[in-house]
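Take a look at this single chain in structure tokens; it is the form predicted on its own.
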Amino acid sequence: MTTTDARAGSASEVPGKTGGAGADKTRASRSTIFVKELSRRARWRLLRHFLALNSGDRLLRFGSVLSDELVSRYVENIDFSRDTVFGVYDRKLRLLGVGHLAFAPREAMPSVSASTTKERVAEFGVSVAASARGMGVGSRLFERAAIRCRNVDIDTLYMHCLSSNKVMMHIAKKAGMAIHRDYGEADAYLKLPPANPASVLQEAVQEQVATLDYTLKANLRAALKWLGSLPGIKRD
């Protein structure tokens, strides 16, 4: 796969500490993270998200420092009929995090093909906006991607990133992925259990809740915009 697929790792998201007030804050933040599946209509928001990544974040996400032109080409080439893209929105409907789950025939990835008998494998890439670091956005996106893989009969989830990408290494280790490092890069694989009624229900509920959250935010923004257009009404 190339950078037009999921490829590479994450724009940094420093994991929170595991104890004390910091842990409480992280858990509280994670409880309000809603992961929504994105469609073609979100393409311009995806472009805005990726263009906002600085050079260091683009290196971690794509494996190289892509120019704005190449980032635009990447977004334009996302095949929503083949791949699955997830996003986390803030209250202004800006994407705080994006997870790209790219599917490919197992023979297209020889390093993974030996570990599965399924016809397809999946590769995951994730990026998180600077304003959302340390909230667990990347982990939530990964969890959602893993559930999708299970429910579409894929048992091997793959991530490729730089060995220096501490966030992806943290996510991989936390998920119990087998990690292989070579020449400054790392490959991680996660074997997934088959789908069951619980996993199907879990994904459906998560998507419904995320859609409701998005709708409420969109309606609130529309209402505020309308109020702001009235004479004598000032918006913050």
Ligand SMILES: CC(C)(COP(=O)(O)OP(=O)(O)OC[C@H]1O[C@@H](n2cnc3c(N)ncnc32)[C@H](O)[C@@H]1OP(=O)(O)O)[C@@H](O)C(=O)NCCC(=O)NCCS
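As the structure is a computational prediction, the values presented were derived from the model and not from experiment. Start at 1 with the first residue shown and count on from there.
Omitted from view is the form predicted together with this ligand, to which the following refers.
Note on the interface: of 104-112, 85-93, 149-157, 162-170, the segment with non-hydrogen atoms within 4.5 angstroms of this ligand in the model of the complex is 162-170. Among residues of the shown chain, G138 is one whose heavy atoms approach this ligand to within 4.5 Å in the model of the complex. Contact between A122 and this ligand in the model of the complex is not found at the 4.5 Å heavy atom cutoff.
In the model of the complex, at least one heavy atom of V128 sits within 4.5 Å of a heavy atom of this ligand. None of the heavy atoms of R48 is located within 4.5 Å of this ligand in the model of the complex. Along 35-64, residues D57, L60, R61 each place a heavy atom within 4.5 Å of this ligand in the model of the complex.
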